[in-house]
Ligand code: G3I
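Here we start with a single chain on its own, the form predicted on its own, put down as structure tokens.
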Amino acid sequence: MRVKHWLIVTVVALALWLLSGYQMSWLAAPDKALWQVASFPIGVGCDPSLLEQRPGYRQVIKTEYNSVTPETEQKWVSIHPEPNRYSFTKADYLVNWAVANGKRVHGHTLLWHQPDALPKWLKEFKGDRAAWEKVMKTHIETVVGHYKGKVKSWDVVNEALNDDGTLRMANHHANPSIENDNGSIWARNLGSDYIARAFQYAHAADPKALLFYNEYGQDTQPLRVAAITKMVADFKRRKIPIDGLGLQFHLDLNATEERITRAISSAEKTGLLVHISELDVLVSNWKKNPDLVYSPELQKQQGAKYKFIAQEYQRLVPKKQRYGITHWNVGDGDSWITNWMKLKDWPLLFDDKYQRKKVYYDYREGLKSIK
């Protein structure tokens, strides 16, 4: 009898313990993803090949972000490799995957001068202004038209201004060559107003798409900021369609809070949508140091920088102007900083195995809505 009583008591106690555990688990707050914490879209620039081939990469994007930007696959060299041939396959894979998974798509980019992003045929193209105009117009109409209804917004023109606010145009190298051209083939061949016409062509191709001018250095180059502000005012006066500004924000640990605040504020004051479009925070401070160690102190500084950016974006930008924050790729091993720049660094929120880093949690804390 005692044994039976003991069994009954044990079973009841076990049931109550399990029920209590179930209730605690059910009541516990879920481990929210970045986009669930933020009151605005959280995006990521990504590579369709990695998206297709790496489950960890794909899962992070699917879970943490609700906006995607093709990092390179919509640039001329990838999408328009020959004069009469477009190659949409890779970009299509990314765009279609994003749409199927409920992600917003931000297109990048219709016009950029950087030689690595241009196909050989375009760098060698010979023609008068009318011929160049046709090339630009046809490309914009074709690409924007192809993604009409799928791509929500576009970086129409990317990095058109020098540090001093003048238009990129001339070759700045002592020995001019196609390979080392730091000026813009667009300005040289189409004149100073090509930016406005690019926006007009993009708008005509998809009137519902939001159109952005994307630039870097707003935190360090006041003359560039002044030129952007002047351009926006001119576009508004002439009724040139422009909806937003992209602040790339490739920052390092030396980027002061004052500089970050000034950059965000300058964009907000235009009244346009504000998109932090290519965010990463370097701990190497742009220096090549093969002996650099990702120390707790560097991680602390990086986390504080990410958190401040998230908080300041909310504090300075009204809700109606927040287009979101986009991170420039997923894991540290995928970053252009470690691959293209060849720097030893850890600039992103996830490590090279797609695990959340300490900085992830600092940043997520900063994304929580400021009352």
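Quick note: we count residues from 1 along the sequence shown, nothing fancier. As the structure is a prediction and not an experimental result, all values here were calculated from the model.
The protein also exists as the form predicted together with the ligand; that form is not presented, and the subsequent description refers to it.
Engineer: How about residue 158: is it within 4.5 Å of the ligand in the predicted complex, going by heavy atoms?
Structural biologist: Taking the distances in the predicted complex, the answer for residue 158 is yes, it comes within 4.5 Å of the ligand.
Engineer: Residue-level contact is defined here as any heavy atom of the residue lying within 4.5 Å of the ligand in the predicted complex; does residue 227 satisfy this criterion?
Structural biologist: The answer is no: residue 227 has no heavy atom within 4.5 Å of the ligand.
Engineer: Can you check whether residue 308 is within 4.5 Å of the ligand in the predicted complex, heavy atom basis?
Structural biologist: No - in the predicted complex, heavy atoms of residue 308 and the ligand never come within 4.5 Å of each other.
Engineer: Residue 248 versus the ligand, in the predicted complex: is there a non-hydrogen atom within 4.5 Å?
Structural biologist: So residue 248 counts as contacting the ligand.
Engineer: Counting heavy atoms only and using a 4.5 Å cut-off, do 72, 336 and 340 all touch the ligand in the predicted complex?
Structural biologist: Affirmative, all three are within 4.5 Å.
Engineer: Counting any non-hydrogen atom inside 4.5 Å, which residue from 297, 116, 124, 257 sits next to the ligand in the predicted complex?
Structural biologist: By the 4.5 Å heavy-atom cutoff, the listed residue in contact is 116.
Engineer: Given that the ligand is left out here, which of 57, 40, 65, 328 has a heavy atom within 4.5 Å of it in the predicted complex?
Structural biologist: Only one option qualifies, and that one is 328.
Engineer: Partner absent here, but in the predicted complex, which of 130-138, 162-170, 189-197, 104-112 has residues with a heavy atom within 4.5 Å of the ligand?
Structural biologist: Only one stretch passes the 4.5 Å heavy-atom test: 104-112.
Engineer: For 264-278: residues with a non-hydrogen atom within 4.5 angstroms of the ligand in the predicted complex?
Structural biologist: Sequence-ordered list has one entry, 278.
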